[in-house]
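Below sits a lone chain in structure tokens, taken as the form predicted alone.
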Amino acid sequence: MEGTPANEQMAPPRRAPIQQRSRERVERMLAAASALIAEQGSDAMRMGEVAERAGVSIGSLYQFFPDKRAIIWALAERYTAESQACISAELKGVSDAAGLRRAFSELVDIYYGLFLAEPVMRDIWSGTQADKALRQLELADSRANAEFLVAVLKRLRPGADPVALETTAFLVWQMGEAAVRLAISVERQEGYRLVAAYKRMALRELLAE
């Protein structure tokens, strides 16, 4: 990221918006940043460009985001919250193996589809490999998602070792992220095959007695 060593902690937004007008301004800032990242990538994005596109002063932008790394952090947190809500809703009512197979497959397909359609998500995700703070956010997201899966596995396999279930669920989510990262880096048809292969492998492990 511009002007900041890759291994430094990423600063969150300087101050949270309280008033409706401030919240709307922050939304414009994040929307502007998303558009710029989609067009040119986060490395090329400049704070001045974000302010100009959002229709705010550069001072107003810095009130909420001290640097562009804070903008990336805010966008990453937003995508993380949205994905956790989706996963929680999809797995909440699963009570049998067929339900898990269907819900898990749909979630993986949704995840892959989002990364194909959203360049901002791909850009943020690629940055997690070089930024420790983003990597920690990604790991926390995987652990939270794994907990949703563990709740299902405990219903399906009540006699299983809970630690083993937690390990399996966490590993499945991490492997899923790696599989999607690989799938979006190759031709589309091969990507679909890789995602399908991952789903088969993961479900064999999740549904093992």
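Bear in mind that the values here come from a model prediction, so they are computed numbers and not experimental data. Each residue number is its position in the shown sequence, starting from 1.
This protein has a second form, the form predicted together with a further copy of the same chain, left out of what is shown; the following refers to that one.
Although the partner is absent here, Arg78 lies well away from a further copy of the same chain in the predicted bound form, with no heavy atom inside 4.5 Å. Proximity of Ser126 to a further copy of the same chain in the predicted bound form: non-hydrogen atoms within 4.5 Å are present. Although the partner is absent here, Ala98 lies well away from a further copy of the same chain in the predicted bound form, with no heavy atom inside 4.5 Å. By the criterion of a heavy atom within 4.5 Å, Glu190 is counted among the residues contacting a further copy of the same chain in the predicted bound form. With the partner removed from view, the residue among Ala140, Leu171, Ala38, Ala31 that has a non-hydrogen atom within 4.5 Å of a further copy of the same chain in the predicted bound form turns out to be Leu171. For the three residues Glu24, Val56 and Gln84, a heavy atom within 4.5 Å of a further copy of the same chain turns up in the predicted bound form in no case.
With the partner left out here, a further copy of the same chain still marks one of 46-54, 176-184, 60-68, 147-155 in the predicted bound form; by a 4.5 Å heavy atom cut-off that stretch is 176-184.
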